[in-house]
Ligand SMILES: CC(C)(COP(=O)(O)OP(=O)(O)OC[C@H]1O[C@@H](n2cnc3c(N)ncnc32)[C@H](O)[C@@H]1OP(=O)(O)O)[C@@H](O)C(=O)NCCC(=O)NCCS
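Given next, in structure tokens, is a single chain: the form predicted on its own.
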């Protein structure tokens, strides 16, 4: 599924494919230790961010492992807020995974919930997924709250199952089925 022209207006955000002018803000965000604290990768240098940026510009969801990453732009200011992602985990089982990374300047404003809700809508309504999960480091209470606000339920808590930056950490998995999504109020 080619999603090169996909653009979503969430009310306060415009989610759209990455363009070259997004690179400096994305690279800055990825270089920050406070941003990647709970992510499975270290802060990135500019060269590594460039590789990731080019991967973000591939907007297809065809085979297991493909990911759609959209830039989140604050409509009022035109500022880069962060990135919102939908991974295709299994074509056979019609399952995906939602994720997001926000620049700290935009924490606490509801943008993660707003953008992730749009990604769930794409996953369930455009891609026709049956199930979408969200995985996170259990210490990331703010992200767990976002998934809860989206109507996702916690399904699993894996104890010390991953090493993140040299430390054994717990992983929490939230999930939502298409029929559960259909029963949620979708006010944006």
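Residue numbers count along the first chain shown, from 1. Everything numeric in this text was worked out from a predicted model, so none of it was measured.
Below: the form predicted together with this ligand, not depicted.
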TODO: Among 124 to 132, 145 to 153, 45 to 53, 60 to 68, mark the stretch whose residues have heavy atoms within 4.5 Å of this ligand in the predicted complex.
DONE: 145 to 153
Task: 4.5 Å heavy atom contact, residue 112 and this ligand in the predicted complex - done: yes
Open item on the list: When the contact criterion is heavy atoms within 4.5 Å, does residue 26 count as touching this ligand in the predicted complex?
Closed with: no
Open item on the list: I'd like to know whether residue 140 contacts this ligand in the predicted complex, with contact meaning heavy atoms within 4.5 angstroms.
Closed with: yes
Open item on the list: in the predicted complex, is there a heavy atom of this ligand that lies within 4.5 Å of any heavy atom of residue 73, even though the partner is absent here?
Closed with: no
Open item on the list: At 4.5 Å, heavy atom to heavy atom, what parts of 85 to 116 sit next to this ligand in the predicted complex? List them in sequence order, or say none.
Closed with: 100, 101, 102, 106, 107, 108, 109, 110, 111, 112, 113
